[in-house]
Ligand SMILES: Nc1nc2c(ncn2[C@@H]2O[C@H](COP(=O)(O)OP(=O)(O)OP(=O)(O)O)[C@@H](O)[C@H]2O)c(=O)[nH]1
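One chain is shown next in C-alpha cells, namely the form predicted alone.
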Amino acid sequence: MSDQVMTSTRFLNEGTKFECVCCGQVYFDHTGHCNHCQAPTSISRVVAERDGKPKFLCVLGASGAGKTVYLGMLLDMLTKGTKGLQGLPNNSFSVSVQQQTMNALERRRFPEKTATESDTWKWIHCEVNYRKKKDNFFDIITPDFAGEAISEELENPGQYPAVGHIIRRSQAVLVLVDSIRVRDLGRDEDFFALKLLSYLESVRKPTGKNAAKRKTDLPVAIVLTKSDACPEAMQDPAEFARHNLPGVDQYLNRHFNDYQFFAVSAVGASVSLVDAHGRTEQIPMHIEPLGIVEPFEWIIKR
C-alpha cells in the first residue's frame, strides 16, 4: 500500500498539470478523457502547449439535422484550403469524422448516427489559418454531439455537462436545422430550435450593470441543412426562416445582437428508398457542397 502511495505521489510531483479545455477541471498529464465532461486530454495538452487561448466553435442541432455530415464536409474543405482558409486537423478524431463522412457519401450513404454516450463522441480540433484576418488563427473545438444528448440536456440541464461547458467557452455557435422537416413537418423544428436558443441565452446571459436590458453578444449562425431538397431555403434563408421558423426569428431579434441565416447542402441531390417494412432510407446521389464554408467564414469575421 505504501509503495502505491509513493508511486502516486511521485507521479503527481513529476506530472505536468493541465486544465481541461472544456470544463476547466485540473488533471495531470496522462492519456484518456476528462472525468467530468469526457473531453480528450490530448486536446487540452495541445492547447496548453500553445500560446494564447483557443477560439471555440460549437455546432448544435436536433437529431438528424446533419451535424456529422456538416462537420465532416467542413473539415474536408478546410484541409484542402478554400476562401483564404486553411485547416489543419490536430487529432485523430477530426480525421476520423472527415474520413467517415467522405467515405460514406462516396458510397452513396450518409454516416451512422452519433451515439448518445458521451464517452464515444468524437471531439474535433482543427486549427484554421485565415489569411484575410490579422489575428488569423482560429480553433474549431467541438464534440460531434448526439442530437438526443442535446435534447436531453435542454430538458434536464446538467445531464450532459459538456454541452453547457462548450457553449460557455465558445466564441460563436452554429445551430443546424433540417430545412426539409421545417417545411414539411410543421412547428416541431421551430420549437426545438427555440428551446436551444433559450438554453444558449441562459448560459451566456449578460452580467453586470443593466444586464437585464442587454442582448447576448454570442454570434449565432442558423444553418438550414439539406437545402438541396428545399430550394426555397437555399434561395433566401432569412425569408424562409421568417415564414417557417417564426419563434426562432423573433427570439433572435429580441435576445441576440449578432445572428445570420444560412442554407447549406452537402449533396447535389438525394432520393428516398422505402423497404418492404416501410422503413425509409435517404440516399445521396453525388457530393456537391453548397454554402458549407460561408457560416464559418461569417463567424471568424466577427
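The numbering used is simple: start at 1 and walk along the sequence shown. Just so it is clear, the structure is predicted and the values come from calculations on it, not from any experiment.
Another form exists, predicted in complex with the ligand; not displayed. Remarks below refer to it.
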Legend entry - Contact of Val46 with the ligand in the predicted complex (heavy atom, 4.5 Å): no
Legend entry - Close approach of Gln260 to the ligand in the predicted complex, 4.5 Å, heavy atom: no
Inset, instruction - Verify the contact flag for Phe145: yes if a non-hydrogen atom of it lies within 4.5 Å of a non-hydrogen atom of the ligand in the predicted complex, no if not. - result: yes
Inset, instruction - Indicate whether the ligand has at least one heavy atom within 4.5 Å of a heavy atom of Gly164 in the predicted complex. - result: no
Legend entry - Partner-proximal stretch of 252-260, 239-247, 61-69, 35-43 relative to the ligand in the predicted complex, 4.5 angstroms, heavy atom: 61-69
Inset, instruction - Please pick, from Ser118, Asn90, Thr114, Thr216, the one residue with any non-hydrogen atom lying within 4.5 angstroms of the ligand in the predicted complex. - result: Thr114
